[in-house]
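A lone chain, given as structure tokens: the form predicted alone.
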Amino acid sequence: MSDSAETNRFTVQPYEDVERFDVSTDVLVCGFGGAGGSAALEAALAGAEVVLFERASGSGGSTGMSSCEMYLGGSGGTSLQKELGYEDSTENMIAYLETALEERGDPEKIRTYVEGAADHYDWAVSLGVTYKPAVMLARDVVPLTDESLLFTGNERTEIFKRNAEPVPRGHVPSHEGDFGGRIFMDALTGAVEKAGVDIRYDSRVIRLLVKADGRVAGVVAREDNQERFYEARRGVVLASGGFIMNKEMTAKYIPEIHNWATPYGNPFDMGDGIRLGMAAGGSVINMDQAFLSFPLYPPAKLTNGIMVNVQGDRFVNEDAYLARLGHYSSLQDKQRVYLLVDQDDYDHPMYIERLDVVAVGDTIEEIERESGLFPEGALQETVAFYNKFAEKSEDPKFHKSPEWIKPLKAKPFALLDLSFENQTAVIMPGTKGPLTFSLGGLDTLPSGEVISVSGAVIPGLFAAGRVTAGLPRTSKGYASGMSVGDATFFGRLAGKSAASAGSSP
């Protein structure tokens, strides 16, 4: 059931009206990224006949574009964590995720994920993905060297350390450079092919086939400019990505972000799976949430500075993860934010040359006057308060970790513009504002079963990845690796569930 003209382009068709099926199989999977590939593989290994549709001409999806960090731990730690001397209990990881996701988190999905995360790492290794037993402890987004374990969220910030012991949980394939997603997808694709899955590239699913009793029992796919009818004797899995590339959907569900951020994903993140699920009566949740990037680091030393808004006030602990920085920056007036640094941290030309320098001065008063941005005396008052406690390595207002606290004293000082409207050159040429992707979608059980608007399970319909509101629910609490970890983990569960689903009488 849909509520917009855009959604109405995806409809259901009565199963009973189909005169002849072109293909009849057990499980149909829509989308060959991390979620769909994982679902298809597990369904096939469970003994089901599987057809896997992909709108593009090859596998990958947004997982293939990613660094392929997976946020994993719990159960005493993954084998990689243990080898490097890190222990991570299930309750410790759950405490971190609950702190991160707050009221938007799904307790059942969180626990299911954490209890299975260590085994999920072993599954990735079993595909042939190589991980190097080395940890990168520096404050960075993704290792460009070949370490495979790193901190990818807010684990080491004071606010989170109150509730959970910090443990590095970002697991990334070993390589030099940022192409882990392709490494993983090549391995997953090989496993899917070996398992005998019937892969249909250049194939777009446009309708679900629904029986009179409400069971989803097939799809209509457009292939070679023709409609073909596929029967699913057990189930259909939707795994075709989020909706960040669909301007109509972003304008409707995330209108503010739609106006000042750059969509990040593969070209076919058009919300097809979400709209198909809605047409079949599926409920959508968390549609107003999206990931936001923020280019504060690297270099890590910029964390020693302070971020301020146009009132001259700090608004976040600067040692937060980039998505959390992006969230709080988005709440500021016109998303205008600035970074104040002193001479000690203003000597990294490779990064600094990409930012607009608003003002330089030997005093904070000069910075105020030259920038013309703040109420008179406001920035001076903010710096004076910060420096007073920084002398004692304290930050009573936002609780930045002591290792990143130092008084701003070494002149000259510089004020750098990190406003969203100025992030074009910082992120990548031709973009506007922070990079973003959607975090809302179909409401599902951990098993992958899609929940209807009435709260019941829709028989025969499953979903995983960014088609769903999965594990990650906010930019405020996002950690790198949550999406790929969620998509592949719950994709596997959806594939197993579909393979075990019985056909209706």
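Everything numeric here is computed off the predicted structure, so don't read it as measured data. Position 1 is the first residue in the sequence shown; the rest follow in order.
We do not show the form predicted together with a further copy of the same chain, though everything after this point is about it.
Residue heavy atoms within 4.5 Å of a further copy of the same chain in the predicted complex occur in exactly one stretch of 263-271, 198-206, 147-155, 305-313, and that stretch is 305-313. By the 4.5 Å heavy atom rule, the three marked residues E256, A279 and F389 all count as contacting a further copy of the same chain in the predicted complex.
Among heavy atoms of E449, none comes within 4.5 Å of a further copy of the same chain in the predicted complex. Interface residue remark: V357 is not counted as part of the site for a further copy of the same chain in the predicted complex, having no heavy atom within 4.5 Å.
When a further copy of the same chain is considered in the predicted complex, T25 lies well away from it, no heavy atom lying within 4.5 Å.
Interface residue remark: Q13 is not counted as part of the site for a further copy of the same chain in the predicted complex, having no heavy atom within 4.5 Å. A heavy atom within 4.5 Å of a further copy of the same chain in the predicted complex is found for one listed residue only; from P412, P402, P396, G128, this is P396. Contact with a further copy of the same chain in the predicted complex, judged by any heavy atom within 4.5 Å, is made by just one of I285, I183, M245, I94: I285. Using a 4.5 Å cut-off on any heavy atom, none of the residues of 64-100 reaches a further copy of the same chain in the predicted complex.
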